[in-house]
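In structure tokens, one chain follows: the form predicted on its own.
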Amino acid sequence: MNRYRPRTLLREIAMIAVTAVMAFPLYVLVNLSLRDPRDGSSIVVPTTSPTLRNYADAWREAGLAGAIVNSVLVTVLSVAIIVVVSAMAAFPLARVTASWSRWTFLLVMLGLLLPFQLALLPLYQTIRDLHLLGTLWSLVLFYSGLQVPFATFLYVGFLRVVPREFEEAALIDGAGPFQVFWRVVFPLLRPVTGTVVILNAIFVWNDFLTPFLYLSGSDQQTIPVAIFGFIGQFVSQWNLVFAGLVIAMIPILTVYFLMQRHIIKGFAGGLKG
């Protein structure tokens, strides 16, 4: 039987302190989203007369219904392309031991070393020449190309610890390489697929710079750009900004909590590889 020692008490106090620090931004976010704009009290003071009108105003004035649809379309299409391309690319890179496989893997990993800000202007010119500026397809193309190297790295690391016996048994039964991948290997990649999905979904959902750059001047907006409309040079509607941020958090937090178990498994598999 474990005894309650002073060290245990110190650990509990430390955990409570860390939890309080982590929860403080969330408290400020929700507190200010419920506050009347005429209330000028400190951000740490609880709102005495909370109102939900900020949420209704933010939803209507920012056009969050359309922005959420756009964000969902961009996120789903981008993540789907990233998952399919990365998983199919990782399969030969992890299984083939020839020199071309190792060099190809290193070439893909170069995409992790180069900061995307260096390629921002050339990519913008390429998107412009393809006549995709102002369309959601420009974002899908950008995110797919940007995130495939990291997703491939995770898939390769996970595949290297997956036994080959399943594939060999399927080949003996007469399955082709394509069938082996989709019917045997890909289902085994479910944990790391969960990691790839949630990490990329969070990145795409919250990104502000790329939609602001590629969708400027069009009627297409994602959620971060729509909320940015409340911030002006002389007047900023912070209560609507915080209310809009709370609305924007709900879908992605729901996906995160549903898939957090797969994230841990996927990272564990990648580290073993």
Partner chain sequence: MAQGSVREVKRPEPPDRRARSAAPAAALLRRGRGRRRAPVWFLVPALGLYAFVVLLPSAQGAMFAFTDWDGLSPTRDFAGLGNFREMLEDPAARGALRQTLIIAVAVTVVQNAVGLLLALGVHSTIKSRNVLRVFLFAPAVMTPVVTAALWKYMLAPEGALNGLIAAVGPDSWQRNWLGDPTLALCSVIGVIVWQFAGYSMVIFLAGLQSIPREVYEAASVDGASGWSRFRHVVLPLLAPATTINLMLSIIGGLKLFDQVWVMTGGGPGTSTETLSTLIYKNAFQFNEYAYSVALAIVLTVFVAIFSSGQYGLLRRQERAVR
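Positions refer to the first chain, counted from 1. Take the two forms, superpose them, and find the largest set of C-alpha atoms that agree within 1.5 Å; that set is the rigid core. Just so it is clear, the structure is predicted and the values come from calculations on it, not from any experiment.
A second form of this protein, the form predicted in complex with the partner chain, is not displayed here; the remarks below concern that form.
- Out of the listed residues 161, 98, 110, 76, 110 is the one that sits within 4.5 Å of the partner chain in the predicted complex by at least one heavy atom.
- Every residue of the trio 91, 175 and 256 has some heavy atom no more than 4.5 Å from the partner chain in the predicted complex.
- Contact check for residue 122: a heavy atom falls within 4.5 Å of the partner chain in the predicted complex.
- Contact check for residue 193: no non-hydrogen atom falls within 4.5 Å of the partner chain in the predicted complex.
- Heavy atoms of residue 58 never reach within 4.5 Å of the partner chain in the predicted complex, leaving it off the interface.
- In the predicted complex, the partner chain lies farther than 4.5 Å from every heavy atom of residue 69.
- Looking at 185 to 216, the residues that come within 4.5 Å of the partner chain in the predicted complex, counting any heavy atom, are 199, 202, 205, 206, 208, 209, 212, 213.
- For residue 61, the Cα coordinates differ by under 2 angstroms between this form and the one not shown after the core has been superposed.
- Superposed on the core, the two forms differ at residue 31: its CA moves 2 Å or more between this form and the one not shown.
- Core-superposed comparison between this form and the one not shown: the C-alpha position of residue 217 differs by less than 2 Å.
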